[in-house]
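In structure tokens, one chain follows: the form predicted on its own.
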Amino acid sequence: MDFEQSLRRTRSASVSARSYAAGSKEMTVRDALNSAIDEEMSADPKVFVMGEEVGQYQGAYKITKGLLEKYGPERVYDTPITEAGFTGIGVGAAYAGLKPVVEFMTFNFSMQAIDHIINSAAKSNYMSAGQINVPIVFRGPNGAAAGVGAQHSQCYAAWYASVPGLKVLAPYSAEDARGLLKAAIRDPDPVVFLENELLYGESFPISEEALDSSFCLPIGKAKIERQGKDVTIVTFSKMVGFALKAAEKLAEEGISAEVINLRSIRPLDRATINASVRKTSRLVTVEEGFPQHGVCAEICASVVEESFSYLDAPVERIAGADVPMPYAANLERLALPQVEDIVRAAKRACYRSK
């Protein structure tokens, strides 16, 4: 299929992709993740959970609440504080056909286990000529929280998304969290599942379809959260909420912004991004991570390669500051993208800045 055909299919598929979260019920991201794990453990006895404090304490963020009592210690493993150890055990279990869901208390700690994630999990299918599948999920909070300093605030989306053999997902809403985590657990390949600590307690509308136990979102498919015609804003995770707030402010000034929630960082839905840019002729990308070699940089490269002749303005790239995260609250805010940064960038792209 050529790129033009892919764009046409994207336009027709985007309508159904936007139709789910129209229900009157609400669910927190925490409950969405918990229910997804619970239902997948109930449906498949090969699925099990492991990590620090996931059992008796019910998870550092209560994502695994109630699972130990329901499924017992043989499927909900409390591990020692040794990421390299329990991640290696998880990868070995996946080699043997089980489906581990490995929780990191924060993805900053996954650095202790990165050899197992990259060299053992991500590369084994290719190196075995397809003979070895590694159905494992690495999940936990990623990126900045609040006042936890440089060693607990980094975004690892670009790190893991650069690795062939991994799939990398980043949910925003409860529907995202529920549908994408189910897809990750069912997938035959290793999936890095990047959550956001500050979103756990947020409630989102969720449809009856999304509450069904069979519900699952496609990996590699973005969602158009808001239709627009003047500028495209592409982002993921918590920044989707910021982009939607920015779009509301822009609308007050007569600028119609289209907001794309990536959902999937790898594979990246280039077709949806480029289809939107070809409609609006302008692009603003937003991420919390560092600017150099970031997710935004890859998106901008894709648009320049595929849709350069459609652009009416230079692409705008908003990212976190190129420094380790400061601890002081005022400096932390300055180091992260804010709604006003997105508004300013969109206005520059539309030649509306003062």
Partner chain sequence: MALSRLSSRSTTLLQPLATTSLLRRRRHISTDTTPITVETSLPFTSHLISPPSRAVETSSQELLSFFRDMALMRRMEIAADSLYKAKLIRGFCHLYDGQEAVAIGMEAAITKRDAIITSYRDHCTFLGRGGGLFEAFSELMGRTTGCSKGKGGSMHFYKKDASFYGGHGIVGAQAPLGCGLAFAQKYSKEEAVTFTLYGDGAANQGQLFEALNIAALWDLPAVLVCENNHYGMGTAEWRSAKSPAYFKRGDYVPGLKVDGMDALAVKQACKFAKEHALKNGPIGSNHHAFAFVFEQILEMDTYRYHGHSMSDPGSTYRTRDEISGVRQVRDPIDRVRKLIISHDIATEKELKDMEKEVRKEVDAAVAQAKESPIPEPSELFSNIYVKGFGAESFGADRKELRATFP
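Please read these numbers as outputs of a predicted model, since none were measured by experiment. Numbering follows the first chain given and starts at 1.
We do not show the form predicted in complex with the partner chain, though everything after this point is about it.
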Taking the partner chain as it sits in the predicted bound form, is residue 318 near enough to touch it, meaning that at least one heavy atom pair lies within 4.5 angstroms?
yes
With a 4.5 Å heavy atom cut-off, would you call residue 72 a contact of the partner chain in the predicted bound form?
no
Residue contact check: residue 105 to the partner chain in the predicted bound form, 4.5 Å heavy atom
yes
Although the partner isn't part of this model, could you tell me whether residue 291 comes within 4.5 Å of the partner chain in the predicted bound form, counting any heavy atom of the residue?
yes
Within 4.5 Å, heavy atoms only, one stretch in 200 to 208, 95 to 103, 254 to 262, 82 to 90 touches the partner chain in the predicted bound form. Which?
82 to 90
What is the one choice in 119, 112, 227, 213 with a heavy atom within 4.5 Å of the partner chain in the predicted bound form?
112
Scan 325 to 339 and write down, in order along the chain, each residue with a heavy atom lying within 4.5 Å of the partner chain in the predicted bound form.
325, 326, 327, 328, 329, 330, 331, 332, 334, 335, 336, 337
